[in-house]
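Encoded as structure tokens, the following chain is the form predicted on its own, with no partner shown.
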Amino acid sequence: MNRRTAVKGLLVFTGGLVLLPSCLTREGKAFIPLKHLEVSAEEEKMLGEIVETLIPTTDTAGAKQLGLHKFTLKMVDDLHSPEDQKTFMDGMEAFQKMTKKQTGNSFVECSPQERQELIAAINSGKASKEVIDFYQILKKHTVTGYLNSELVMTKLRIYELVPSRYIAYYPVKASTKN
């Protein structure tokens, strides 16, 4: 056997061993790497549809397009206590069960009308405590992520440093008090 061929084969084999674990763990897992949460690709897709129901795409980008479901997962994974992470995961599972029980489908398979009705029911408190806790965490991070997104900060809001502009000539309305 030629030594050069043997070394080349060994390098290809070693490279394959290094890449193999990353190829095997990608299937069925969340798209973003998480340290503490075990989220499947299906759960991540469901979260994407929930945040899209909260902030839908109109003439501006919606929450799913902005990746706020991934932002929420990263925030829960990095910032919340293990108890809150367990609450989030348990609530997500309870949400899936509630959706399946009420509509017969998963949240992803539901029509937009059914999705809005489910979210409205949770907003009005017609769900279990687990689901409401999960929803509150998800909604809080979705709104925070949206308000701090590049889209909102650069195109929807006019950001001015404090103190803002000085407008010396500003029309003042006459006082209504006599």
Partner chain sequence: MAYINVDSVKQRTFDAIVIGSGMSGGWAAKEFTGRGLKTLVLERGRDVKHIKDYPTTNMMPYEFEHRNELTYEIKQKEPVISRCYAFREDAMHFFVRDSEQPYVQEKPFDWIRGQQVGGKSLLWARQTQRWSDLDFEGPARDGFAVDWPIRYKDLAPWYSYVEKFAGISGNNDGLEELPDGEFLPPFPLNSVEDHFKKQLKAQYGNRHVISARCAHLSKPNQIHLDQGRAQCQNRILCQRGCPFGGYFSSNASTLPWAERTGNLTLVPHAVVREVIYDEKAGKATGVRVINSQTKEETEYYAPVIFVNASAFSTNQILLNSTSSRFPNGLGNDNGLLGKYVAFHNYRARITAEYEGMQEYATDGRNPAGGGYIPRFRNLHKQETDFLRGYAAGFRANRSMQEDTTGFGAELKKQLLNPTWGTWKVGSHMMGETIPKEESRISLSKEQKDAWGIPLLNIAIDYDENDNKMVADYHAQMEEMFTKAGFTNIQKTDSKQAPGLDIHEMGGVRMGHDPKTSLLNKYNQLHACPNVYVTDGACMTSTSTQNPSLTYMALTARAVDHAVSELKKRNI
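Numbering follows the first chain given and starts at 1. The model shown is predicted, which means the values in this text are computed figures rather than measured ones. Throughout, rigid core stands for the largest set of C-alpha atoms superposing within 1.5 Å between the two forms.
The form predicted in complex with its partner chain exists for this protein as well; it is not shown, and the discussion that follows is about that form.
Proximity of Glu38 to its partner chain in the predicted complex: non-hydrogen atoms within 4.5 Å are absent; the residue sits far from the partner. With a 4.5 Å cutoff on heavy atoms, Lys64 does not count as touching its partner chain in the predicted complex; it lies far away. Its partner chain is not shown here, and in the predicted complex it never comes within 4.5 Å of any heavy atom of Lys86. By the criterion of a heavy atom within 4.5 Å, Ile32 is excluded from the residues contacting its partner chain in the predicted complex.
Of the candidates Ile137, Val131, Leu54, Met46, Leu54 is the one whose heavy atoms come within 4.5 Å of its partner chain in the predicted complex; the others do not. Taking its partner chain as positioned in the predicted complex, the residues of 125 to 148 that bring a heavy atom within 4.5 Å of it are, in sequence order, Tyr135, Lys139, Val143, Tyr146, Leu147, Asn148.
Core-superposed comparison between the shown form and the other one: the Cα of Arg165 travels 2 Å or more.
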